[in-house]
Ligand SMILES: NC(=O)c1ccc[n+]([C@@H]2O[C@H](COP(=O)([O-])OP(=O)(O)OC[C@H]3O[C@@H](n4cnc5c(N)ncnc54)[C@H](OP(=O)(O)O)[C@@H]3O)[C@@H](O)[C@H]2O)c1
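Before any questions on how it binds or moves, here is one chain, the form predicted alone, in structure tokens.
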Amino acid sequence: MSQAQSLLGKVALVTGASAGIGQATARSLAEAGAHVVATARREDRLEGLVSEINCKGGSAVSRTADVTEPGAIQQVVSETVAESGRIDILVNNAGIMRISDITENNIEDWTAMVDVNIKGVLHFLSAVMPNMIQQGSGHIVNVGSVAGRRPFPGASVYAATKFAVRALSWGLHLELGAAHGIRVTDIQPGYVSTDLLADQPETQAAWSEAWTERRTLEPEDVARSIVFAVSSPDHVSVSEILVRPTDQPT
């Protein structure tokens, strides 16, 4: 079965869908036949994405929510189940990265990364898991990072959050796989051309300059990896995918 038909009848919930990897993943899942529930904080961007998908013959709706607010997340999940009857795929993509030397002691940035990158994943997991267990099937995709394998200077806390995502993903595989038929995949991208550092323009400019002569990953490259994982046969669990730019030297 081609990816263009592989997800017909599936309901996919994508967090952080207003830009970057989340936006590209929502498009790709819709192209593969899934009904996409796109969620993020920026309502205007979500509405534009959903309009684009539906105009191209896909199926999508938007749900505005902040991953740090469990009540809002539960409402998104409850509305999705009420309207669609199920959730087959959860893509935990929402995340932030704040770069600074650990000696700068930016505890507000550390806390924000823990709240979004770890707690946000757990909040959506908590909301979606009971429905998947009741169904006896489902696929949870956590968007981690190559930083979840090795830290780099300036990103020790960010890396720690992605190490947590990697550990959680393996634990979920062990607890939810054979017992409940729920598959779990940790997608670990290297450097991707996104606006992840948009709120740190000086850092973003420095990174862009460093990559001037190198090819980065595009969000669509990561989205293809996600579609590959969730399109695999039910008896196949793609537990990890590490996808790096060929030109990435580390």
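From a predicted model like this one, the values you see are computed outputs, not experimental measurements. The first residue of the shown sequence is 1; numbering continues from there.
Although it is not shown, the form predicted together with this ligand is what the next lines describe.
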Requested in this report: Indicate whether this ligand has at least one heavy atom within 4.5 Å of a heavy atom of Glu209 in the model of the complex.
Outcome: no
Query raised in the report: Do Arg224 and this ligand come within 4.5 Å of each other in the model of the complex, heavy atoms counted?
Result: no
Query raised in the report: For Ala12, is any heavy atom within 4.5 Å of this ligand in the model of the complex, or not?
Result: no
Query raised in the report: Hey, in the model of the complex, does Gly33 get a heavy atom within 4.5 angstroms of this ligand?
Result: no
**Report entry** Segment that reaches this ligand in the model of the complex - one of 101-109, 133-141, 88-96, 75-83, heavy atoms within 4.5 Å
**Finding:** 88-96
Query raised in the report: Looking at this ligand in the model of the complex, which residues in 61-91 have at least one heavy atom within 4.5 Å of it?
Result: Ala65, Asp66, Val67, Thr68
